[in-house]
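Two separate entries follow, structure 1 and structure 2, each one form of the same protein chain as structure tokens.
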Structure 1
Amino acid sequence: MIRFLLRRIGLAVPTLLGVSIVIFVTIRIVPGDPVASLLGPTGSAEARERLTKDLGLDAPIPVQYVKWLGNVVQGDLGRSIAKQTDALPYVWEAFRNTLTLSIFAALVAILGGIALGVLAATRRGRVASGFSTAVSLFSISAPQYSVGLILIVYLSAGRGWFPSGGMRNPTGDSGFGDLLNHLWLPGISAALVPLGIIARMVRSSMLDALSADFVESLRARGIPEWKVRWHAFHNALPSVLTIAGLQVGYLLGGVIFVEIVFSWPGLGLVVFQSISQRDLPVIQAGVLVSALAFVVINLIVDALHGLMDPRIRR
């Protein structure tokens, strides 16, 4: 198992290198002259030259990349142009809030998806099957920003059942109950797409597992149906988990829109503000942190998969 894990971690290294290259490229494709934009129209020729040198922009591109990567590894992702602070700590602070929201949404998506999928797989008949197909199709198709706004209008703005934004109530107590209250609407908005996907996946894996030969053998041994389904579910779980993990990773993308709609003080909101300020280092740091989290999530999922299915543990 340890060997298996180490191998997986080893495999993640080239991926991370690739990620860094892609992000580096997005830095370099910025149109216009970064020096000019930093200095503004009044910069002298001498200042230009010094800044170019300072920024290392006179070196060949591979050298620039290596230097940049060295900085990144040391946690230096450049400075925020708008905030005049180091981009990474700034982004990291926001990312923690994003993580809170994402974990909550992931729980909603996984639990809801499993419930819906199992229901669809074990209830016979066209109505149940059609219903679950429709529900998952709808939820898969629903853009996070649309869902978020609809939820705000119908469950928050008019009714006041839930807060329409923010993460904590500034006046009231800031306990867990308050946080949970703020989490529901954004959590559901972010969860809907992965929920639908997971539901479909669970349904088809459950159907596969239920049609496996060992299920008939279990029935022939007098194992009651609910236990048989539990066996089937156990067998469906590893593949469900893989997809679910991937979806949790994608949540990190969709959650941006949710954060904007609900003013959730996370990475998405930071990125959104940085877009209008053209604060590229922050955007890049945000994307890098998300990609890192994504890779880590995939690693965890891989490890869990190995834990759950002894056959793939090599």
Structure 2
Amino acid sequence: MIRFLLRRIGLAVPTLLGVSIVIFVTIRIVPGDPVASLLGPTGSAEARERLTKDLGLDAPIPVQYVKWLGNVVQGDLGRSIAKQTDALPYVWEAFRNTLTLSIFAALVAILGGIALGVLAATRRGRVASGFSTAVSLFSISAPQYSVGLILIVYLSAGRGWFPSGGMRNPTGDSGFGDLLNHLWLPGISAALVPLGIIARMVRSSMLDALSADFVESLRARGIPEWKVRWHAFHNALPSVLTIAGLQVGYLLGGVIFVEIVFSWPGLGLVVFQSISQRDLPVIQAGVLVSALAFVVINLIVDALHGLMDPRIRR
């Protein structure tokens, strides 16, 4: 098992290196000039030259990349151009907020997806199966931001059941209950696509398991049906775990529209605002942290997969 994990970690290192190259090059080729956005139209040539040198933008791109990567390895993600503060604390606080939203959405997606998938697989040809399939297809097809706006209009503005945005109430209680109250609408909106994908995967894996020979053998022995289905679900669990891990990673980088709609102070909203400000260090730091989190989640999923299925380790 240790050798298996070391191989996975060894594969993660070049993956992160490739991601860092893509991030750095993409940011540099995007149209726009951070120096011009900082100085404005009235900036002199001398001030522009001085600021370009201070930001390190006068060096060749390979030199800039090596210097940036060296700083990243030491924990220095640069300094925000717009806020004139270190990018790491700013990005880390936003990432924690995104992680909170992603964990809540992942719980909704995994629990709801498993329930819908099992229902569709074990109630084939019945109304419950059709309902489960319709819900999973709707959740995959419906745009998250559109669902978010509908929830705001009807459940927040119309009914007043939930707040329309933000993470905490600035004038009242800011405890766990207040956070949970703010989580419901963005969490459900963010969980829609992963919920539908997990439900479809659970249904397909369960149907394959239920049609296997060992299921007929268990039934022939007189094993209760709920135990037979539990064995089938246990055999389908590795593939379900893999797709669930990918969806959790997707949530960390894919909730940007939800964060914008609900003004959730997460990493997606920070990166979105930094793009309009041409704040290159914050953009690079935000995308790099998201990529690192995605790789770590996949390592955890691989480890769990290896524990459940010895064939994966071999």
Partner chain sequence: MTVVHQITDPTRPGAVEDRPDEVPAEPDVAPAATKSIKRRRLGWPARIAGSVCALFFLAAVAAPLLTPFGPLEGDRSQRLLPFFSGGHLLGTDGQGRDVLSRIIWGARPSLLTGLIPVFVAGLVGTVLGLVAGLGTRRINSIVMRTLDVFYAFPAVLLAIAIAAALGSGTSNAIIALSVILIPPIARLAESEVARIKSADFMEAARVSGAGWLSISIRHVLPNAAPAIVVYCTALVGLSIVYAAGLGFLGLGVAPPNAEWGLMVNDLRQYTFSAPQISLVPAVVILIASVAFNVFGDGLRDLLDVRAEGK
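C-alpha atoms forming the largest set that superposes within 1.5 Å between two forms make up the rigid core. The first residue in the sequence of structure 1 is number 1, and each one after it adds one. Here the structure is a predicted model, which means the values were calculated and not measured.
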query: Displayed copy of the chain that is the form predicted together with its partner chain; finding: 1
query: K67 CA shift between structures 1 and 2 in angstrom, with the core used for superposition; finding: 2.5
